[in-house]
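Presented below, as structure tokens, is a lone chain in the form predicted on its own.
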């Protein structure tokens, strides 16, 4: 630490940069909480900076989709006390991991005429390559969890992150269950809470942007969707939109062609 302030580095990989924008716009916490730390590297906030570390905390945004990212990530891990993935892309693959449903070359050739210089790989979360010390979930990352983590770091205590499904937040908001009452294909029962049940509170089903809840029963929800008339492709799409690489949502991703291949 310099001057008693934790040194924080913010690194971005394959994503839309929404979590870094979210970091900038956490206005009510900037002076109160983030003012107590020193952000020594973050390209969106400053030019230059100490990219090599050392860091007390490294906040990692984005999915890992290239070999150089893996190499840099391992270097960051070696000079950092706490490595924390932020946002769904870093935590569970997010939207970039949708491409894992097809061959890598097929995806590349849809975007680029010349693929000879591309080095992209299948998309994976940060914890597939280095040990991490916690997760700040959300798409973009949740304000509550970021403030909880930084405050806990300053106080020297273990942060308390939400570990229950969106359904609990719906109950707290006194929402009607859109899955039961309206038969909408809601991902709330298997999605980690933290958004405040934003979508169900505005009359639409949850689509899982915060990623899977621990011990999520994906197969049961997938079966429910099937009984509601959703096609196998549509069910698979809902479980891969934000969490294709995750173990928790794999049981909801089985398609007819997967069974045939096995």
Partner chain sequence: MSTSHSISADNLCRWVDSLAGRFQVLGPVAAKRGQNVFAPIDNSAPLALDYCTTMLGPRFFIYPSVQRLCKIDRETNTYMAADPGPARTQLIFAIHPCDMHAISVLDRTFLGPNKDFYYAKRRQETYTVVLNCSRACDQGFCASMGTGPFLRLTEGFDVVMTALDGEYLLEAGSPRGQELIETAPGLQKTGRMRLYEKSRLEQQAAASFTKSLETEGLPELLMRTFEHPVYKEVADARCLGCSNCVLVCPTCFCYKMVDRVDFEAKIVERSRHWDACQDYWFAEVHDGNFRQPQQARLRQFMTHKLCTWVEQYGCFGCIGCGRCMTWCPTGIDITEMAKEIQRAPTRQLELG
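A quick note: this is a predicted structure, and the numbers were derived from the prediction, not measured. Numbering follows the first chain given and starts at 1.
Although it is not shown, the form predicted in complex with its partner chain is what the next lines describe.
At the 4.5 Å threshold, heavy atoms of residue 128 stay clear of its partner chain in the model of the complex, well away from it. By the criterion of a heavy atom within 4.5 Å, residue 134 is excluded from the residues contacting its partner chain in the model of the complex. Contact between residue 220 and its partner chain in the model of the complex is found at the 4.5 Å heavy atom cutoff.
Contact between residue 184 and its partner chain in the model of the complex is found at the 4.5 Å heavy atom cutoff. Every residue of the trio 36, 150 and 189 has some heavy atom no more than 4.5 Å from its partner chain in the model of the complex.
Residues 150, 151, 154, 155, 163, 164, 165, 167, 168, 171, 172, 174, 175, 176 of 150-176 are found to place at least one heavy atom within 4.5 Å of its partner chain in the model of the complex.
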